[in-house]
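To begin, one chain is listed below as structure tokens, in the form predicted on its own.
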Amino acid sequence: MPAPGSALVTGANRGIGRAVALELARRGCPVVATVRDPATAGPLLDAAAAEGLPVTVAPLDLEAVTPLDLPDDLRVVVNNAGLQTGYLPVEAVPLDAVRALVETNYVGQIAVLQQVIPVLRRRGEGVICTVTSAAVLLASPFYAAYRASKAALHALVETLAVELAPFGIRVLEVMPGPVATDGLAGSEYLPAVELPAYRAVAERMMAGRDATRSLAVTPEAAAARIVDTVLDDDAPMRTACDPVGDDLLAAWRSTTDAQRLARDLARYRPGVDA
């Protein structure tokens, strides 16, 4: 698709969201960049101003979505905002954390979609790109609550693709692996290490963070691939935006559930480095 037309990017105050907002603006899309707290949008606005990019900021809280002021020429929606928390075994994760993950990472996304889909449907064109996580493809201990909230979006994307195809709207899912963001840094400490029954596995996983960090791409590199996908009419529905995500997605497509479960059981059993 040609670039002209406006874009909406959620969670644009930092990380992948900020990089995507700037990249879309560089490619000719005026961007409405949503942030939970407008006071945090300074770095985004400064970067846009330095390059003369058409970026405006709007408030959006995915736990209490209010009506958005959407441009009439909206063509691209990148649902990037999300919450990362609750890195505990299922038996110990606080239910309030589970509810917050589901409310932000799933219910809030639907609330945004319910506002943008009618605009795109009336236009008879557009792209909706949802950023989930390659963590969905790997059964890592202590990530169940987070993975489940993203897996719900993973299923939602497939249904959306079928529902919206008759209206000329493409639906995409991007599944990042490690990207050098605050979210990745915030996942390096696993609270499960404080629970004696799970300490050994949590310690091995935390010890392996140096390797994960070394494989991380920059938000800008991830954003360039995401925008390439958004603007490519022939892009597959489900992609990654970094080499680790590419490898996990390729393995998911080429192996059975049983094979993947055996891989993950072997990866995290006692005595095996995570």
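Numbers for residues come from their place in the sequence shown, where the first is 1. Since the model is a prediction, treat every value here as computed from it, not as a measurement.
Same protein, other form: the form predicted together with a small molecule, not shown, and the subject of what follows.
Asker: May I ask you to check whether L249 falls inside a 4.5 Å heavy atom distance of the small molecule in the predicted bound form?
Answerer: No - in the predicted bound form, heavy atoms of L249 and the small molecule never come within 4.5 Å of each other.
Asker: Does the small molecule come within 4.5 Å of any heavy atom of I16 in the predicted bound form?
Answerer: Judged by the heavy-atom cut-off of 4.5 Å, I16 is in contact with the small molecule in the predicted bound form.
Asker: According to a 4.5 angstroms non-hydrogen atom cut-off, is P141 in contact with the small molecule in the predicted bound form?
Answerer: P141: no, not in contact with the small molecule in the predicted bound form.
Asker: Considering non-hydrogen atoms and a 4.5 Å limit, does the small molecule approach L68 in the predicted bound form?
Answerer: No, L68 is distant from the partner.
Asker: Could you spot which one of L62, A240, A48, V57 gets a heavy atom to within 4.5 Å of the small molecule in the predicted bound form?
Answerer: In short, L62.
Asker: Heavy atom within 4.5 Å of the small molecule in the predicted bound form: which of V201, V179, L190, C129 fits that? Just give me the one.
Answerer: Among V201, V179, L190, C129, a heavy atom within 4.5 Å of the small molecule in the predicted bound form occurs only for V179.
Asker: With the partner removed from view, which of 115 to 123, 158 to 166, 88 to 96, 132 to 140 is the stretch that lies within 4.5 Å of the small molecule in the predicted bound form, judged by heavy atom distances?
Answerer: Only one stretch passes the 4.5 Å heavy-atom test: 132 to 140.
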